[in-house]
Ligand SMILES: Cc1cc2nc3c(=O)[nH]c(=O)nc-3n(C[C@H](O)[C@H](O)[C@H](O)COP(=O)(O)OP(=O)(O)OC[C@H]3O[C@@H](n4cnc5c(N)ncnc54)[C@H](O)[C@@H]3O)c2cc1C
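Take a look at this single chain, the form predicted on its own, given in structure tokens.
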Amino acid sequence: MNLETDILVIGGGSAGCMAAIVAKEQNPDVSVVIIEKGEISRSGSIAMGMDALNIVVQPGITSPELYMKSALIATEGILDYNPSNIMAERSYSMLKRLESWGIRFPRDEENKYISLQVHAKGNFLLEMDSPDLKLVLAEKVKEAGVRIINRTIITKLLANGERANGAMGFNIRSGEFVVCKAKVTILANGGCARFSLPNSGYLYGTFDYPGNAGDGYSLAYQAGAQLTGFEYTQCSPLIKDLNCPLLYITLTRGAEVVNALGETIDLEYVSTQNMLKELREGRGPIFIKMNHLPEERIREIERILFTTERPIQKKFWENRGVDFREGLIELGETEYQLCGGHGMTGIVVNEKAETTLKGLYAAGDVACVPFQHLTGAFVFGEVAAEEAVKFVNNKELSEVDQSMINDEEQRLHNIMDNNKNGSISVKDFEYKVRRTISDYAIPPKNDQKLKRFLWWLPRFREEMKSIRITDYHELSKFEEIQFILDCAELSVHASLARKESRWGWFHYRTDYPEKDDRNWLKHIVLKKGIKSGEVQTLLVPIKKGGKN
């Protein structure tokens, strides 16, 4: 399949859908294509609904300045001002856009939005009642006249080292090779959820959407864009054996966290670090306790959990025989992930969603706007669309090196031909890769552990020749393993470069156990060496407040 378009959006989740919708609003004559690895109606980190918009600055109640103070605390100063500030400034208008689409934000008896505190400062989280948010977004995309290519994995960007001109990939069911030439490409295909192994050992039992294998990080890196925050390896204390979210939903409504001794854990605000500390220091397991709450509050929590936030929870708790009125909810530590939505990892972008590669924009979890959550996905989807429409104005499609296209198609054919009789299943190989990531690339870190992973890396890449590939779905999983390996390599190089401990447990180095603001209050930026092809590490100063 050969396509040409003005704007190509890779990823049909929250950020990708918003980008496509807004692009068509800005100029209905602009052609827009979304290429989605799954099916757009139920794809991305929010495959169904959402109970809150985590960052909304309400005029007269909170302010962008207060949000930025909170963000600086959360990031421990490793934050560029402008992108996060733009997100805060545009958050309220985004809420109003969503309301105009029928998304409901509950109000109290005084007709004020219901807001809760989960940040260090200010009540920025607003309750949302939208069990079918993803369906609303998908329908808006279709109404806008956007072309949607489902079940197609992107394997390489069309890029010449200076600018991006589209992308290539294949349909994971039919194997059809897809080439889409574009004036502008917007990456919106999530973070790397499949990084380390969940405690269950189940490859897809991850907290975040398991289809997110670091595709966007790897694609951008291989094309020449810069990335940052890969040393921020994060996990969360969530429902044991299910990895479903419930902290914000329960704790903001009066629930408590207790340790194995029955002691209530001081959370400051909703501090996952304090919960993880209890586990590290041997006072686990830890539990959510709600038996002190009034019946109406427990019913409110159940309504949100069982209708909006992963309805499977209802059956899960029934099968466990747990009643929130008397039973405890055990929390377990999730796998580690790399993410720009819940964390600080991503492609370097400015306040216009521009990457360091001309013609390439990034929005959502794939972009480094720390702790942007759903608000950032929507806002920077909107920003990327506005800037992309300006960029394509009166521009022609750039010439693309046909040999690059031929080489990629041949590479994929060669894998199918050469790996038919491989001795290792895709599943078993991914398990070994992610177990090794768990062994060497996550906290506690030190020089020897991290370098040990780099010893394994070329061996894994060589041994991939032994993976058995019998259909195009397995070929897509083969490609995802390559993305995961790229992300692990980037994370290890960033972790080696930051010779200090920062962000609590998430970048704790036993050989450098103290935080060192004097020498390390700066970004670790990564890019691919043009000549060597190896990971290049840059130390980049923090951009202070104010618009540049």
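Note that residue numbering follows the sequence shown and begins at 1. Nothing here was measured: the structure is a model prediction, and the numbers come from that model.
The protein also exists as the form predicted together with the named molecule; that form is not presented, and the subsequent description refers to it.
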Is A377 a contact residue for the named molecule in the predicted bound form, using a 4.5 Å heavy atom cut-off?
yes
I'd like to check something about A384: if you look in the predicted bound form, is any of its heavy atoms closer than or equal to 4.5 Å to a heavy atom of the named molecule?
no
Any non-hydrogen atom of G211 within 4.5 angstroms of the named molecule in the predicted bound form:
yes
Does the named molecule get within 4.5 angstroms of any non-hydrogen atom of G341 in the predicted bound form?
yes
Quick one: which of 45-53, 59-67, 484-492, 508-516 gets within 4.5 Å of the named molecule in the predicted bound form, going by heavy atoms?
45-53
Can you work out which of F287, W317, Y472, F207 has a heavy atom no more than 4.5 Å from the named molecule in the predicted bound form?
F207
Position in contact with the named molecule when the complex is considered in the predicted bound form, options G332, P245, G122, G422, heavy atoms within 4.5 Å
P245
Using a 4.5 Å cut-off on heavy atoms, which residues of 1-20 contact the named molecule in the predicted bound form?
I10, G11, G12, G13, S14, A15, G16
